[in-house]
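First come two forms of one protein chain, each written alone as structure tokens, so that there is a structure 1 and a structure 2.
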Structure 1
């Protein structure tokens, strides 16, 4: 008589691997930056951001709360001055010009987010506040007197204007690399503002 085989038990599914919290947060921020930069705040929904990050909308809310809080985090995570200023104050103009004229166009550029925000009443004031507290004021402290805040605002105008016509609304004159005459002019203007007016 054949021996009966004991029935095999179905294998239990492996438990889902826990998410890496830092990686998940980073993926959400990257997806949010791309959508805020390309669609603007009003047209970038939490569902679309979640789908782009490969997670559920509930998880986006768990990490960031509201869409407005996510907008702030997306800007703050990419708005630091470190890459711009470089190691040497005496050559900061050249460093910034080289940074911008060597920089490839990025889909998720923080200046694209701010440009879209300028035309959206829901977040225009918020974007202005972030620029003031995260860029103008720290830059003014770095520059020092005289007229530090005015000089910081002027630097921002030079940099954002260059970015606008190089990346957002590309113009032929801005299309060259870091060794062009335009890049040299930008470097000289920035350095002049950084150095400040000569002492009387």
Structure 2
């Protein structure tokens, strides 16, 4: 029988992962973003997240406290349309559409994560607050009158709806790249809302 050198590490086939707290922490966050985005808050389990990060679920708890706190940490870092809200208003529709349709399907994204928070009692309040203060309000300020808030909300709905069917379900009709007819339709539609009030 093969002798085992130590009872706690029976085989050294997998080398012991180098202990680096900072990298482990970021790997947990990355795994959480991917799984929250693709499977939703309820369906992404702690064991699944831990396995994707290559560690043990107990360690996830030790790093982030609880699943809800991990969710908060996964989305509070980067959210918002800030990079698009520059002075060039004439091409913002094309830029946004190109950005979203260039990302590969099923990639982690803050918007997907927030959409999956719908219906989860313990995180949907957080999601609505973040979407209001970090997306709708800055967008409304950038759009300006008339009907700034309504147009901002409509833009959020267009982008989120497209993103939802592309990333979360996902549907084949939304699967193409940035040169599809759908991407250009979306660009024109966004631009139409940005340019002016869609009704007198």
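Just so we're on the same page, rigid core means the largest C-alpha set that superposes within 1.5 Å between forms. Positions refer to the first chain, counted from 1. As the structure is a prediction and not an experimental result, all values here were calculated from the model.
Looking at both structures, it is structure 2 that matches the form predicted in complex with a further copy of the same chain. After superposition on the rigid core, the Cα atom of residue 174 is displaced by less than 2 Å between the two structures. For residue 55, the CA shift between the two structures after superposing the rigid core equals 9.9 Å.
Relative displacement of the residue 33 Cα between the two structures on rigid core alignment is 3.6 Å.
In the core-superposed comparison between the two structures, the CA atom of residue 67 travels 6.5 Å.
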